[in-house]
Ligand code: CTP
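Heads up, the chain below is alone and in the form predicted on its own; it's given as structure tokens.
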Amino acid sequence: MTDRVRGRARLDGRLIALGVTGSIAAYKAVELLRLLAAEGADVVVLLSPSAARFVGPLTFEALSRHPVETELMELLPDGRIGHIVIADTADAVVVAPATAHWLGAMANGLAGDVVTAACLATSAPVIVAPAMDGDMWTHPATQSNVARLRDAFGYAIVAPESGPLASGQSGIGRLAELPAIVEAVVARLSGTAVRQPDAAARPPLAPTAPRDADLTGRHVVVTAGGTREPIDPVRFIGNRSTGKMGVAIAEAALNRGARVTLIAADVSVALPEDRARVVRVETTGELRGALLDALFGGAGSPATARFDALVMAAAVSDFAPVRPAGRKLVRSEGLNLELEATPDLLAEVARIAHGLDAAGDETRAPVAPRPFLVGFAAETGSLDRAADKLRAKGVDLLVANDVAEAGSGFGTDTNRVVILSAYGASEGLPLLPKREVADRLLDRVAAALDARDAAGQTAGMQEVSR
């Protein structure tokens, strides 16, 4: 299990500024951004003018979800100076690749681009990973500049490595291996507090990029909100879910062209009733009936799926009173409440879809075409159980989050999640608006459905050719 799944991603909550200068190795900065994000970091990118000729700002903006700083005089939408905001809030600045020109400019305090200016303006640690031709690296001027940055400025230098160079020669000058750069960042920040935890003080997120209509013709079923289990006619056992995450998923799916059935338990947000089929439920039992009806037309043994994907974002009560009272209970009589576990609805849906009985044995044909199943797991303090839940429920993806973390719990507009796949991969997302989390999740759903259909077409053609 990865550190991220265990809740120990080493850069959780950190804002890392990634400065990219004009080396042909600039393309590697894209993968470096991914590695930093996989460690839990929120990454914002600064590009020198020459770097932007190698890799465009759009690539970095799409991956970082932040506007990319390229011009010294550019202002943020709220009027703040972009590179100054980064300098004031970043936990660390990573310059990778750093050219010989940038090393010389930085060593002499020449703020001619946003990367140098941010480094001059920050008190955060700076990690520098040079990349250049071998003779340029060994030149006394370059070595003098590197020594000054390291010894006088306190910068961490991740030295280049030997190997083939862009000039066609071989020698020292290749950008260090990306994991080594990540390790240098982790080492410099180890044991330090997050510099600026307030998201409002940090660089803003870029406007959410519209997705293609890649779910057109798909039927997506989404559950949202929290179920309520009655104690008596006026009291119930419930949870803190507001339905914001589920509704965000439903709205994102609608905007991508899907036909959406939204099964809503107790919610505190407006529902897209004008665009989606909305089914209202209250208890776990009612949710079960609505699910089976929407997905399979009842609790029988379906041969054909009536849906393409299920996203089970509802917070289903784990327990219900054994004997709900038929009348309002009187306070003076006291109350001893006996509870029983409710059914695991998602696991039941997965068994039906896969043709399994309650014991996990194959007793019928799987539903075709194979539906894509997504579950949610709300945890507190640790995500250690998430991988086990993924396997136990039999779903394709499990979205886990720590609801005790600030900004990631019930009722918030943001969420920090880890997406675990049944096929072994997992990815931790930074703190994002719930709508952005929804779209990133649906990116995976849409791609999986396309792959499913392509595999089915290939199998059909092979069958015809026999």
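Note that the structure is a prediction, hence the values are computed from the model and not measured. The first residue of the sequence shown is number 1, and the count goes up from there.
The following text describes the form predicted together with the named molecule, which does not appear among the structures shown.
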query: Contact stretch among 164-172, 104-112, 364-372, 309-317 - heavy atom within 4.5 Å of the named molecule in the predicted complex; finding: 309-317
query: 4.5 Å heavy atom contact with the named molecule in the predicted complex for all of I419, R440 and R444; finding: no
query: In the predicted complex, the residue from I263, V220, L346, A118 that sits within 4.5 Å of the named molecule by heavy atoms; finding: L346
query: Among the candidates R235, R385, R277, R148, the residue which, in the predicted complex, approaches the named molecule to within 4.5 Å (heavy atoms); finding: R385
query: 4.5 Å heavy atom contact, A378 and the named molecule in the predicted complex; finding: yes
query: Partner proximity in the predicted complex: K389 to the named molecule, non-hydrogen atom cutoff 4.5 Å; finding: yes
query: Proximity of T342 to the named molecule in the predicted complex, heavy atoms at 4.5 Å; finding: yes
query: The named molecule contact in the predicted complex: R195, any heavy atom under 4.5 Å; finding: no
